[in-house]
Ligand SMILES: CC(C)(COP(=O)(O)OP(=O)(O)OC[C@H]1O[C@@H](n2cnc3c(N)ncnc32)[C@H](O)[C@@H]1OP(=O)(O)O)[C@@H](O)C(=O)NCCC(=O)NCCS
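Here we start with a single chain on its own, the form predicted alone, put down as structure tokens.
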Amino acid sequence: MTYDRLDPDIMPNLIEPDTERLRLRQWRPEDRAPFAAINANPEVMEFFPRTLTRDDSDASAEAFEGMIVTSGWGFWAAESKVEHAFIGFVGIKPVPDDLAFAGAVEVGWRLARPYWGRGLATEGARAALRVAFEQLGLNEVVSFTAEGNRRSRAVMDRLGLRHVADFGHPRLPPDHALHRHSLYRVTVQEFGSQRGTH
């Protein structure tokens, strides 16, 4: 497969997508505490190696905020327009360098447990994909998760991503329960063909 490699200056202006129910925006200091609560929830973090400490959670939020400052896009803070509350993150960002498909851009999400089952991850991720294809001009986007994460894989299916490969995550030993991951992808043509069907 051939993946896009992005120049960090490709879109220096701030992008903050809106959907019917979500505002995807830059991070704020008041997001830190609810984000730490999300990352400390064992159910939310079931398919990650561990829950996060407050320091680790704050570091993640700071990194996400920094990327948006630099590039104008990234893993945005997700705010419910109904409750006017921070509920997690949704967005796109470059794949980490230690993965075999580094150079790709991934779509990802993590929402607080009370907001599961409402279609919000799908709604927000579809907006993120529109940014990737219509504003950044990417040719394709990927997503990946632990093989057993049926909920996230169902979101990927609903978004029109296709399961293309399985791989062992390099940060986890081969005997770890979460070592095996599934990789999904969607091209700009495939995403475009879905318009009017959602």
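Residue positions are given as counts along the sequence shown, with the first one as 1. Computed from a predicted structure; not experimentally measured.
Heads up, the form predicted in complex with this ligand isn't pictured, but that's what we're talking about next.
A single residue from the set Arg130, Arg162, Arg28, Arg158 has any heavy atom within 4.5 angstroms of this ligand in the predicted bound form; that residue is Arg158. Picking from 43-51, 60-68, 165-173, 130-138 the stretch near this ligand in the predicted bound form, with a 4.5 Å limit on heavy atoms, gives 43-51. Mapping the unseen interface onto this chain, Arg21 counts among the residues with a heavy atom inside 4.5 Å of this ligand in the predicted bound form.
This ligand in the predicted bound form is not approached by Ser80, whose heavy atoms all lie more than 4.5 angstroms from it.
In the predicted bound form, Phe35 stays away from this ligand, with no heavy atom inside 4.5 Å. Using a 4.5 angstroms limit between non-hydrogen atoms, Leu111 touches this ligand in the predicted bound form. Within 4.5 angstroms of this ligand in the predicted bound form, the stretch 136-172 places a non-hydrogen atom from each of Phe144, Thr145, Asn149, Arg151, Ser152, Val155, Arg158, taken in sequence order.
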